[in-house]
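First, one chain by itself in structure tokens, the form predicted alone.
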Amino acid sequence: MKISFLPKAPAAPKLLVCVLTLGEALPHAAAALDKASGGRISQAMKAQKFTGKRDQTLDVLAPTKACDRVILVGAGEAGKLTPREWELTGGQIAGLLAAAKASEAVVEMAAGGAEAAAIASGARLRNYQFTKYKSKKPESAPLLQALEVVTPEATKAKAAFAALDAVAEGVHMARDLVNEPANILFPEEFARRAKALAKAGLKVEVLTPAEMKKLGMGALLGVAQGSAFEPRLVVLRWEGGKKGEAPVAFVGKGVTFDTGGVSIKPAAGMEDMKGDMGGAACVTGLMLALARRKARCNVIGAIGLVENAVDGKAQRPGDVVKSMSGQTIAVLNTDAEGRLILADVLWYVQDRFKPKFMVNLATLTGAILVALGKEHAGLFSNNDELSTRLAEAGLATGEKVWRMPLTPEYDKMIDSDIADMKNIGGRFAGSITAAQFLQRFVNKVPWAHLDVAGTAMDSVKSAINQSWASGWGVRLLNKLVADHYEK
């Protein structure tokens, strides 16, 4: 979608969307159309009691011969609206235009550049479909092709939107990856797509099974051994900060399909396990966003890519594997595989890059859905400052997190009689014991684990996303970096 910002509306727009705050008068283009129509727009506003209240809409058809439609959208009380609320209004506008089957439109608002940029960002985020495998493209809701946003601060809006557009591109990439079927997006293909991001300025390394074996990544390789598809470990590096400065690091679980292994999942709903790489998708989209907007910091993104399948070579319940850290793990349930992958990738990242902090994302446990549903991701951390910053970024972006406990009492639940630990802790506190497991591989590095099983896929529909895949986490982590780690 082409988005442009103008200080004045083009003459005689065919479709005009007017964004009004509470009690605000019609801006220039809408007022001119109202006058030309003999007051039809203001009459409709009066009849429908349209005042600009948040989420109010009013559709005025053919007010003049030259104009097919004017859509009024209420933003709410001026001066009290957050950037997030402006963004949601932009998504709402894109939804209304999709319902109207519009390919282009003009959006007029009296608000300033930051607000106009947020409106455009919301429209860009909403303007997404995954239809590549449909032989006939749906005609019911075509994508917008062009949007002209009219604001008194057009130059400022254009500058502010550049970074938001980069983030939206990262979100869309993450959605694409999660939406892809597993026969198309297996570990090697995912790695190829990540490697293509070198064109955006990222440095990309791809580790093969032989290289991982040499490093001693027995936990990750144990998960992969039942699949016909080889695993990969991808490291994406953005070097936008001072040379030699310690990076911040993000780690993603990338199980491109999860059968559960020998501890096989029930058939019902297993098709959704193509999305078990939502954490890796987020990290990949985030790294693209940071590169596109040329973030002023050093960042590492690492993703462990594996398929958890079943054949005669598959890992068995009761097997013991040795992780890169040297710690041994009794694998009591092969469906608790994500933590095995992350154990080796987290250790590798902290050992090699010595980061300021690590945040990992994983569709790790169904238990987090039971605890938090789909509104919050579970947050587990060994660092209060990092937790607070993530929570604040979550509230600002709408990608909310809720901190869960980590204590020695829960840690005891994963002790093993025959190995250093076991990969499950029993029926209770499943999300917590999974996090306790991961904590054993981060030493004293500031670290946070985000369990995104309820937010990365089969997501709640919103004004800025109608897709099965949400791209959750890209905006959250971009906000974290932008607010606290750029200079």
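Predicted model only: the values in this text are computed from it and were never measured. In this text, residue numbers run from 1 along the sequence as written.
One more form of this protein, predicted in complex with a small molecule, exists but is not displayed; see below.
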What is the one choice in D258, E87, D344, E180 with a heavy atom within 4.5 Å of the small molecule in the predicted bound form? D258
Only one of A309, L386, L406, M273 has a non-hydrogen atom within 4.5 angstroms of the small molecule in the predicted bound form; which is it? M273
Quick one: is A419 in contact with the small molecule in the predicted bound form, heavy atoms, 4.5 Å cut-off? no
If we define contact as a non-hydrogen atom of the residue within 4.5 angstroms of the partner, is T365 a contact of the small molecule in the predicted bound form? yes
Is M413 close to the small molecule in the predicted bound form, meaning a heavy atom pair under 4.5 Å apart or at it? no
Close approach of M457 to the small molecule in the predicted bound form, 4.5 Å, heavy atom: yes
Name the stretch: of 76-84, 108-116, 314-322, 366-374, exactly one has residues whose heavy atoms fall within 4.5 Å of the small molecule in the predicted bound form. 366-374
